[in-house]
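Next up: just one chain, as structure tokens, the form predicted alone.
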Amino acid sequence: MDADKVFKALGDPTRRKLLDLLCERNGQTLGELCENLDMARQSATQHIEILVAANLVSTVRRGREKLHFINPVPLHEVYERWVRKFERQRLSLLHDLKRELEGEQE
């Protein structure tokens, strides 16, 4: 995983919206995705190319159409690497606080 590409891709609200659209209905064409965006197809294509480069979106040709699919693996890897370790510490602190507060009530 290239974390820099993933973070760059996620850093733009339009790209996050594209991921949300694919999460709602996977396998959309560029035209279908553009129906929900306020931009030209060329601009949407540039955003999708960044998502593809980050491996967050993959494409499959079906006849003349190109279908776009979300790939959740890089997001999971970011979660495991950058979020989970902080979550563990926060939950541990909350657990300790709970024990301390409950100990004072007895």
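This structure is a prediction, so every number in the text was calculated from the model and none was measured. Numbers follow the displayed sequence, beginning with 1.
There is another form of this protein, the form predicted together with the DNA, and it is not shown here; the text below is about that form.
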- Message: Please tell me whether any heavy atom belonging to I70 falls inside 4.5 Å of a heavy atom of the DNA, as the geometry stands in the predicted complex.
- Response: no
- Message: When the contact criterion is heavy atoms within 4.5 Å, does H76 count as touching the DNA in the predicted complex?
- Response: no
- Message: My question is simply whether E65 lines the interface with the DNA in the predicted complex - judged by any non-hydrogen atom within 4.5 Å.
- Response: yes
- Query: in the predicted complex, does A53 have a heavy atom within 4.5 Å of the DNA?
  - Reply: no
- Item | Option touching the DNA, based on a heavy atom within 4.5 Å in the predicted complex, out of N36, N26, S58, T45 | T45
- Query: What residues of 28 to 42, in sequence order, lie within 4.5 Å of the DNA in the predicted complex by heavy atom?
  - Reply: T29, L30, G31, M39, A40, R41, Q42
